[in-house]
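First, one chain by itself in structure tokens, the form predicted alone.
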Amino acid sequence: MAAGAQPREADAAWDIIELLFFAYRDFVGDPDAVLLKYAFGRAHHRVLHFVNRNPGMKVADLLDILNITKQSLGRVLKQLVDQGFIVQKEGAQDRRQRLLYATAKGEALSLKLAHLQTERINRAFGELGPGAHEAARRFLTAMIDSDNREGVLRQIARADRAKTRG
């Protein structure tokens, strides 16, 4: 579409937009039911996911990943810490740093939620056949703003390496 041109209804990818909405609804729906038992929501899930995948991550890095305000993160983090899912430790070199770690309880919940989502993903891949994982990975990577893609892929690779060592 040319710069300044008005979008037309016919130009929208309605089917893909709506499929993404419905897929996301169902993808988070399974974990939502588990989180409800703890009076947690999707923000708690995201925080727990990234802290579990990146032990010792800085609060500042988590803010960047989640793209939320410090106040929003503070509320969610306080609940997760108070209920024993996450611990905060001072940085070894800089005591002002707050480093985040999932507790055994936090790791167990994170893995339970990831397992539910992995089952859904694997069912879908099973319906699509060979090459589905790589095609989905390429599509989702392409959906990320181009100036963030390499950083996201590095983040995922770093977390994968950390988990295989740990």
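Predicted model, so just to flag it, every value in this text is computed and none were measured. Each residue number is its position in the shown sequence, starting from 1.
Although it is not shown, the form predicted together with the DNA is what the next lines describe.
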{"query": "The DNA in the model of the complex reached by all of 118, 137 and 159, non-hydrogen atom within 4.5 Å", "finding": "no"}
{"query": "Among 137-145, 102-110, 37-45, 123-131, the region lying within 4.5 Å of the DNA in the model of the complex by heavy atom distance", "finding": "37-45"}
{"query": "Residue contact check: residue 68 to the DNA in the model of the complex, 4.5 Å heavy atom", "finding": "yes"}
{"query": "The DNA contact at residue 114 in the model of the complex, heavy atom, 4.5 Å", "finding": "no"}
{"query": "Residue 60, heavy atom within 4.5 angstroms of the DNA in the model of the complex", "finding": "yes"}
{"query": "Residue 88 within 4.5 Å of the DNA in the model of the complex, heavy atoms", "finding": "yes"}
{"query": "Members of 93-109 lying within 4.5 angstroms of the DNA, judged by heavy atom, in the model of the complex", "finding": "93, 94, 95, 96, 97, 98"}
